[in-house]
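Shown next as structure tokens: one chain only, the form predicted on its own.
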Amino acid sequence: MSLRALIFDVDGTLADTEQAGHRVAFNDAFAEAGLPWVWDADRYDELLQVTGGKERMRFYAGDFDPEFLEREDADAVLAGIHAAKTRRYVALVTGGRVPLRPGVETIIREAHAAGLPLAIATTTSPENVTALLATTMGEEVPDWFAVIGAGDVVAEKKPAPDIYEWVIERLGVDPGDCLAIEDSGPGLAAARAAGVPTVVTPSAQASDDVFSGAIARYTDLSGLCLDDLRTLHAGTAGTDQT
């Protein structure tokens, strides 16, 4: 079994986007919408257990502002807030506020140079993915990715396997021939449920997550090269990844 595709999560995996990026953008969007919602660092860490921005807002409202969900326009308001949040997040990224995590760029460049297909499997918006890759590595880099599975292309977010299954179908490879790189428990669960061997590099927000079933765990990707990932993947031959 040879490695035929490398699949990256985005938030927390490619970059520590959550606290300095998404949380700030959410709070700005709440203020713009005239809502008295403020997510401090601790609250946001808790809310990250809910994957998907719109889903996260709805969960929060259900607990802390249930009257909001009774509004006839609640869905439309949430969609508008999420769109505003995405614009603000992209502005933060393009302003250089969200650097890549150590080792990420090296692995991506080596994989591209070797002709190994690259893919993204994330719950964040496609615009967020493109902005991060283009700003940190170059305008041409988003085009290096054969498949970008992002946002609402599937109904169920991680830890459901849907986004990985969607990506793998479009890559045209077997799940076991891929290697996923994730930062969180829900991300690992999604990849494993899709049958994809997974390396974990926990983000600050996911350091307490359970990572049972990962084939390796690293603080970050610094010091690793593509050949290291090929060796790790080769060690999964004949094992059940689901």
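A residue's number is simply how far along the shown sequence it sits, counting from 1. Every value quoted in this text rests on a predicted model; they were computed, and no experiment measured them.
Although not depicted, the form predicted in complex with a small molecule is the subject of the following passage.
inquiry  = Which is the contacting stretch out of 193-201, 177-185, 30-38, 65-73, given heavy atoms within 4.5 Å of the small molecule in the predicted complex?
reply    = Flagged stretch: 177-185.
inquiry  = Quick one: D16, Q205 and S207 and the small molecule in the predicted complex, is every residue within 4.5 Å by at least one heavy atom?
reply    = Spot residues vs the small molecule: no contact at all.
message = Is H82 part of the interface with the small molecule in the predicted complex - any heavy atom within 4.5 Å?
response = Contact check for H82: yes, within 4.5 Å of the small molecule in the predicted complex.
inquiry  = If we define contact as a non-hydrogen atom of the residue within 4.5 angstroms of the partner, is Y60 a contact of the small molecule in the predicted complex?
reply    = Although the small molecule is absent here, Y60 would stay clear of it in the predicted complex, with no heavy atoms inside 4.5 Å.
inquiry  = Test of understanding: in the predicted complex, would T130 fall inside 4.5 Å of the small molecule by heavy atoms?
reply    = Taking the distances in the predicted complex, the answer for T130 is no, it never comes within 4.5 Å of the small molecule.
message = Taking any heavy atom pair closer than or equal to 4.5 Å as contact, tell me whether S125 reaches the small molecule in the predicted complex.
response = Residue-level check for S125: yes, a contact with the small molecule.
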